[in-house]
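This document starts with one chain, in the form predicted alone, laid out as structure tokens.
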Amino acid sequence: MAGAEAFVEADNAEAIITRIEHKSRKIESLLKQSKPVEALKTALEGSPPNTRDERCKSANWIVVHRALMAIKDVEGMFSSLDPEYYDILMKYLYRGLSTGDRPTCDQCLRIHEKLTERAGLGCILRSLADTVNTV
């Protein structure tokens, strides 16, 4: 159980959901201002939530998904996205691919291709091997 103490107890899941809802409102505001890359950065900040509660993970995925789907210029996104976000973005791309939803998968594959070109195969390996930070 080493490392289990790093995860938030289920009692605090409501507090995490509240933070995710606040993040969601901020993302919607950024998207209305036509700032999809800033929305994606905001969505990825503090991700994944430090919990094993599936409600929190699902709520956070919805926020990240909303930002991902708003990206139109994938090349331009990477000129503004810091490399610190690459590994966590890759984890969310795989979550998106697992949905089986055609538009989501198409977008995730477009971003995956460019992310792999930019970050290399190590990004894929790190996201798959990281069993602590699950999305």
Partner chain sequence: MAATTAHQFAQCINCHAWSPEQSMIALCPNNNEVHIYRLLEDKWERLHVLQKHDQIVSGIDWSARSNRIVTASHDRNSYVWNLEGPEWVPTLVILRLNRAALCVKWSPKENKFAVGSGAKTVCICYYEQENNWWVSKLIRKRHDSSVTSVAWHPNNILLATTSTDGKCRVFSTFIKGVDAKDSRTGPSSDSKFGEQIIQLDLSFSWAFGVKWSPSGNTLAYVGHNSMIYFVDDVGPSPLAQNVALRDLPLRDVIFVSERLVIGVGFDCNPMVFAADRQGIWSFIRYLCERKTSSGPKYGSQFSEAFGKLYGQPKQGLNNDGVEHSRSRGGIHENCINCIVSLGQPGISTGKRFSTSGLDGKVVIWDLEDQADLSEYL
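Note that the structure is predicted; figures quoted are calculated from it, not measured. Numbering follows the first chain given and starts at 1.
The form predicted together with the partner chain exists for this protein as well; it is not shown, and the discussion that follows is about that form.
- The closest heavy atom approach of residue 20 to the partner chain in the predicted complex falls outside 4.5 Å.
- The partner chain is not shown here, but in the predicted complex it comes within 4.5 Å of a heavy atom of residue 125.
- Interface membership of residue 62, defined by any non-hydrogen atom within 4.5 Å of the partner chain in the predicted complex, is ruled out.
- The closest non-hydrogen atom of residue 69 lies beyond 4.5 Å of the partner chain in the predicted complex.
- Screening 30 to 38, 77 to 85, 53 to 61, 105 to 113 for residues having heavy atoms within 4.5 Å of the partner chain in the predicted complex returns a single hit, 105 to 113.
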